[in-house]
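First, one chain by itself in structure tokens, the form predicted alone.
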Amino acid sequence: MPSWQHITYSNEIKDGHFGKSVAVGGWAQEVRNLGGISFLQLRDRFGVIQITSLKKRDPELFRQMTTIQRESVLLITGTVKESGEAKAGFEVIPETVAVLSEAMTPLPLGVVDKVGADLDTRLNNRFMDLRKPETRAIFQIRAKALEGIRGYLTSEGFVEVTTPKIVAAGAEGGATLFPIKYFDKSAYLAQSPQLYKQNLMGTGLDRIFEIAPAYRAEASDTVRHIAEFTSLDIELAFIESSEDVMAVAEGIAYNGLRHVKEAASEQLDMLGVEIPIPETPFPRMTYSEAIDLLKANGMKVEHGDDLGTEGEKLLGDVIMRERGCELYFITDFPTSLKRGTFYAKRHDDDPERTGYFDLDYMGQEIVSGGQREHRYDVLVEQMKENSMDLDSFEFYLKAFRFGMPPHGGFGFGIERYVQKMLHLPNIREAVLYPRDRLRLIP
């Protein structure tokens, strides 16, 4: 029996294999016994191979084939034969069949069954759910999106970094921190690498990005919130304004979509999704303009209010209807809304407004950021306004006392990006093993 290193995947079998012996491996997806002939559909990571056995040719092998349990793992050797009836255009006539791992019955979740399962059942049996090509396609597309994003950032001179996920203080307040015991000290899971990526702007690594987990202890049971998510964090120095930061956010969103469209067409077809490539530059509106637009479309909202989930969704619908745009910026947020973001730079001529922006994708925020406050004295005053303990942030503030260039950045939600790209009803569909208020396993 050959080793797994010598198996041939379904997508590798071509005309040149006809009449030749191959070794194939995977899961028994379906077995049909028609009396004198049996068909076994063997699924590997790329597709399905039909294994055809004739009873008169080898009765014992035929008996073995027809008694295999669905989803058992098999290693099969046989001869490739051209077939007009097999979907792939070929079949394998088996010579040996090894059951490497027999699946128990009944299955906890169907893989090819027509009857669907609710999301909780799927997540409780995620290993089985991921055997479905359509489910795996989501994560193959996600990988291609990150591949395109990394390629763009590297071409723009960004360096990928890794910052701690066990921290002594939170960057965005204590209400959504997960406390942990760290030896004899109290610590937290990082909400964001904010303090560290700003710290790096004083080092000469003046264009950095990180793709890593982040944690928010939000008791939200919505289709857009999870407790552990993947954040793409960006920071760049020697900028003139938030416009420089917005250009990078636009480049990331655009290049991720373009690369997925080019490199994951098979998976997109499998999901029945078409990705329109947006025109650049993305349209933009100020926060005040967004509020006026919402009011004009019947929403009860006033200047100074948070847009909220309802406002974001309505705004997305209106912009799509009136401008045909899926991605758009909302700029110049009031200081009152971003006051908790103590590091946001306010307009010098109007301290009641910041240069902060959101990038929304079909009615959902996927990016929030802007230019940071790099002047030490101003930063300290803004921290005092937020009643922050300066001693707890000494490592952060220290870098601002010894030469900190103007800089800015943002956090980009990878799962939200994938959710909107693929029109997934729930963000948990874009996470291999999601974590929320009610789910800690698997």
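Don't overthink the numbering: it's just position in the shown sequence, from 1. Small disclaimer: the values here were computed from a predicted structure and weren't measured.
FYI, the form predicted together with aspartyl-adenosine-5'-monophosphate isn't displayed, but the following is about it.
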Distance check, Gly369 to aspartyl-adenosine-5'-monophosphate in the model of the complex, heavy atom within 4.5 Å:
yes
Given that aspartyl-adenosine-5'-monophosphate is not shown alongside this chain, does Asp129 nevertheless sit within 4.5 Å of it in the model of the complex, heavy atom to heavy atom?
no
Look up in the model of the complex whether Asp233 has a non-hydrogen atom within 4.5 angstroms of aspartyl-adenosine-5'-monophosphate, and give yes or no.
yes
Just checking whether Arg416 would be counted as a contact of aspartyl-adenosine-5'-monophosphate in the model of the complex - the rule being heavy atoms within 4.5 angstroms.
yes
Taking 4.5 Å between heavy atoms as the contact cutoff, choose which of Asp305, Glu365, Glu156, Asp244 touches aspartyl-adenosine-5'-monophosphate in the model of the complex.
Glu365
The single option of Glu250, Glu147, Glu218, Asp292 touching aspartyl-adenosine-5'-monophosphate in the model of the complex, heavy atom within 4.5 Å
Glu218
For a quick test of understanding: in the model of the complex, does each of Tyr254, Gly355 and His407 have a heavy atom within 4.5 Å of aspartyl-adenosine-5'-monophosphate?
no
Within 4.5 Å, heavy atoms only, one stretch in 108-116, 257-265, 194-202, 272-280 touches aspartyl-adenosine-5'-monophosphate in the model of the complex. Which?
194-202
Of the residues spanning 200-233, the ones with some heavy atom within 4.5 Å of aspartyl-adenosine-5'-monophosphate in the model of the complex are Arg216, Glu218, Arg224, His225, Ile226, Phe229, Asp233
